[in-house]
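Given next, in structure tokens, is a single chain: the form predicted alone.
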């Protein structure tokens, strides 16, 4: 090769390297940045960050930025941002139906829409609020299930056998009363002061929740569980101060009562597992048991947090690609296992999730997981209903008034019906 040709070859090589550098720089400049507003109960945002790095390694044209914020920011600031046309591309929310008007339908951008419909069918509807809406707006990243915790040590001390998996609420009331009497604890049971917690037993006792027109209704099934619950509070079965000790619709849990060994059975939910494990420790043995049955079902209530796509995003295709990555079975299983949450993915519900957790946590998660297929379709429908608080909040107020004797159960239910109707009417304005 002549010197001139050699110089020409070197020049071409240098030009090619420069063009390649410019190409890579351009690709980097053009990479879509997706911002994810994320709060965490435990380590959810940390695990999401870990998965996002893996996503970026396979999708060089997308940069994921996880903005970790307090839960209060999601509740108070996110709605204001969205109303002003601002906000992130994706947000982790628990008020799933309340923000639905801001959601982006990623369905048209998904490669396999049927995969989502098959595996997340029970919870996709929570993000849809219009009749006939078939949009896919996000991914439930954490399913929660309500259910009871039991002080196993107290049962052993009282030498009373625990009821089996198909036991009724009446069976558990009888058993926990015996235990409470034998061990001289304050009360047999407590339920969180929450209309959401109340709804599972109500559905189990035959509450239809909706009438033929799809409107909320207080029927005989709902009245039946209210009467039982009021009676249990009056006869000492329930720790009366949990509901009677607060006013209006204010929330109060009974964790401290359970932690301190003052009650035998506590109706709360799967989100309490870590707290149980860390705060009770070796003070006593606690277990989760299946939701007790009523005449109609053996159901708790589902709930959870969702990663929702938002309309303000300038990169809808990239948002869909990222959420689709998280939704794939292996990635979703890793997210659920590392955060010690329950799966909303029906394939994983059937297969089970391999949790690398403490034995007590694994056992509790196993019981809650086994209860997922027992959840009534009505429970899913109520959880996804846009105005479910119109039933849940006044339930707490009116049932408490019946417990403390301000009004009869019949009057409380009449007032509940009118409260509920007015609340829905105001919300629809």
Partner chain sequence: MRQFFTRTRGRTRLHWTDWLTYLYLFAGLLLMFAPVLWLVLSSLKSEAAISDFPPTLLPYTQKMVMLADEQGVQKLRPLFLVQGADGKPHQMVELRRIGIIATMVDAVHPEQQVKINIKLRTPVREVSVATGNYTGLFAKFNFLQNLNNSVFITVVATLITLLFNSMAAFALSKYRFRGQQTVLLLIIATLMIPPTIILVPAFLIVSGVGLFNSLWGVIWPAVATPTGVFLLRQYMLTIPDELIEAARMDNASEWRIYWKIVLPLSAPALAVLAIFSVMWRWNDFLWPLLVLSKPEKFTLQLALNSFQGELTTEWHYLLAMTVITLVPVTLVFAFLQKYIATGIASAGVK
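Since we're looking at a predicted model, the values are computed, not measured. Residue numbers count along the first chain shown, from 1.
Unshown form predicted in complex with the partner chain; subsequent notes refer to it.
- Note on the interface: of 169-177, 115-123, 211-219, 69-77, the segment with non-hydrogen atoms within 4.5 angstroms of the partner chain in the predicted bound form is 69-77.
- Within this chain, residue 364 is remote from the site of the partner chain in the predicted bound form, having no heavy atom within 4.5 Å.
- Taking the partner from elsewhere, residue 44 is found to have every heavy atom lying beyond 4.5 Å of the partner chain in the predicted bound form.
- With a 4.5 Å cutoff on heavy atoms, residue 356 does not count as touching the partner chain in the predicted bound form; it lies far away.
- None of the heavy atoms of residue 105 is located within 4.5 Å of the partner chain in the predicted bound form.
- The partner is absent here, but in the predicted bound form a heavy atom of 253, alone among 324, 334, 253, 318, sits within 4.5 Å of the partner chain.
- The single contact residue among 48, 382, 37, 375, judged by any heavy atom lying within 4.5 Å of the partner chain in the predicted bound form, is 37.
- Contact check at 4.5 Å (heavy atoms) against the partner chain in the predicted bound form: none of 233, 235 and 328 pass.
- Residues from 275-295 that approach the partner chain in the predicted bound form with a non-hydrogen atom closer than or equal to 4.5 Å are 275, 279, 282, 283, 284, 285, in the order they occur in the chain.
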